[in-house]
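A single chain comes next, written as structure tokens; it is the form predicted alone.
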């Protein structure tokens, strides 16, 4: 694991034969290297950097092996050639985990990067984590499970200690509907929720349906929705949402179009259920739009840094994104409306370099720890 990679075609052939994994932008196991597009989670990344081992005689000693267990969709989106090339130059190698073999028989790994659903995988990774405490698992399955449930996802956010920051954070009023959506209107009103209400599936299970959002304008419209659901009070926010990407200590923010404000007049005239447009794609970007600065201005950096730090502690996660909105008419009153684990990072500017630095810092921290023993 810690040997130096030699250059030339013989070494490439040896790696292909002996290891059978993707390293530094070269697809092993007989695959041809082709441009990797988006996976529905973000815009297509077209930049492909063909990598020839012999062109880099200065390659560093391999220091970090990242074993990954990702769906084909997530692998295609995340493991872009540019990421693999930059990682290889820092001595970081990505190795696929074979789900048909015991995880303990594979490796050795320094980091396990995963995003798979299901109780079986959770049991596998938790058992591996207990037996291989020297390996960093990104992230603990129990912590991930919390934000797969929209009821538990936002619990505790309103109690975060952000008093010294230039902003305040809230969570929209919400309630859970486990069954009988028709009678949920009475309970929503009793709980103090006001129409229109955003309706979201309770569970995030990796399917497209679990990300479908609806806006219910009246009591009768709730009967058209299939529980289990989370009903969340709609907050006017000027039609702009902030997606805050977190990778360890690094934060990146992008803006996306969202639903426009809803006036009291519209509330009185409109009824029924309307499906939200998807706002996660690059097509929803507001970067080139002519918007009111009070709406489009990014949240203050100190506020975001403090929020991300508190959330890393609260959630026990290092790879996630926060969907935030600014209450319309306010200076810096924000609402967190969703949190996603290991989101489509291809939408984040310079994600490749951010992850390389993130993994490289981990490698240095491990070396420092070894020297201190």
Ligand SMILES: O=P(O)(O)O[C@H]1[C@H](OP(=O)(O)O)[C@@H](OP(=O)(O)O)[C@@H](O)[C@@H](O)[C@@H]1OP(=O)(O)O
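All values reported here derive from a predicted model rather than from experimental measurement. Positions refer to the first chain, counted from 1.
Keep in mind that the form predicted together with the ligand is not shown, yet the notes after this line are about it.
- Using a 2.4 Å cut-off against backbone and C-beta atoms, the ligand, superposed onto this form from its pose in the predicted bound form, places 3 or more atoms that close, and the site is blocked.
- Mapping the unseen interface onto this chain, residue 211 counts among the residues with a heavy atom inside 4.5 Å of the ligand in the predicted bound form.
- By the criterion of a heavy atom within 4.5 Å, residue 273 is excluded from the residues contacting the ligand in the predicted bound form.
- Using a 4.5 Å cutoff between non-hydrogen atoms, residue 342 counts as a contact of the ligand in the predicted bound form.
- Among heavy atoms of residue 74, some come within 4.5 Å of the ligand in the predicted bound form.
- Proximity to the ligand in the predicted bound form, defined as a heavy atom within 4.5 Å, holds among 146, 256, 89, 132 only for 256.
- Contact annotation: of the candidates 115, 219, 82, 252, the single residue with a non-hydrogen atom within 4.5 angstroms of the ligand in the predicted bound form is 115.
- With the ligand omitted here, the record of contacts in the predicted bound form names 203-211 of 203-211, 132-140, 118-126, 293-301, defined by a heavy atom within 4.5 Å.
- Along 316-330, a single residue, 321, places a heavy atom within 4.5 Å of the ligand in the predicted bound form.
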